[in-house]
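Okay, so here's just one chain, in structure tokens, the form predicted on its own.
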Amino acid sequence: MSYLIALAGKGGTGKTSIAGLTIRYLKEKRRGPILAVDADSNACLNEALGVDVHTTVGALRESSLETIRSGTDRPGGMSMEELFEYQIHQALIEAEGFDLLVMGRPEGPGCYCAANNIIRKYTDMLSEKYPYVVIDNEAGMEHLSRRTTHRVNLLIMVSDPTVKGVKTAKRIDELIDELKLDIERRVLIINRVMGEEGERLRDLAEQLGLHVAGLIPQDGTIFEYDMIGKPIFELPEESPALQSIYSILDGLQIP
């Protein structure tokens, strides 16, 4: 059984950077390969990890639907489910210590519920082959209301150093209860903290009933890497943000 970590939060909080560094932590501190899933339609986890994307699940979905519509013969007489399974494996981007699956853009016009349900089925099956799965969800709460975040061992909610960010995390927390999602543990990380603002926001979050796992300081190296297109997966060990994330994840005692 894989240990599944999902990330959520409003846009611009640095959620994808934290997802990338969480994958690096698991690669260095734990045994076994990691399945990284970029479930954000504005896919950029690959940039944080320093790998290229050759295809996405969304693109495969569209090509498969075109096969259905056109009546094109399927390879080897495969059923549609067999074709989906084969294509999902082809979509995996293999890297040292982890594989990446990019979901890609959202659905186009029309209802393709059957096709999407098959894709979800096979991505679920795929995740069971890895000791750890890290899912970088899209910004906001839509993925929760669609129940695409499920069977999660650890949900990391990410806030920027603003009251709005903390209150968004609280709304995510409430929606989880409302939808009765199967999430074992939820924590909040407040990112890009400067000065004393972090402790004030920690107090606010705890007053709202959120568990704050830790604060991550503003780190100029991350901004610099972003400006030159260098993956944050390669941050130096002395990076304050990297050290803080590692300390937080150590404290969470991920098995």
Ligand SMILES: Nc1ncnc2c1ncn2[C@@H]1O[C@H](COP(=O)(O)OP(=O)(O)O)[C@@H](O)[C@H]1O
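Since we're looking at a predicted model, the values are computed, not measured. Numbers for residues come from their place in the sequence shown, where the first is 1.
This protein has a second form, the form predicted in complex with this ligand, left out of what is shown; the following refers to that one.
This chain appears without its partner; in the predicted complex, the one residue of P33, G214, P217, G58 with a heavy atom within 4.5 Å of this ligand is P217. Heavy atoms within 4.5 Å of this ligand in the predicted complex are found in one stretch of 25-33, 198-206, 49-57, 221-229, which is 221-229. Contacts of stretch 1-37 with this ligand in the predicted complex, defined by any heavy atom lying within 4.5 Å, are made by K10, G11, G12, T13, G14, K15, T16, S17, listed in sequence order.
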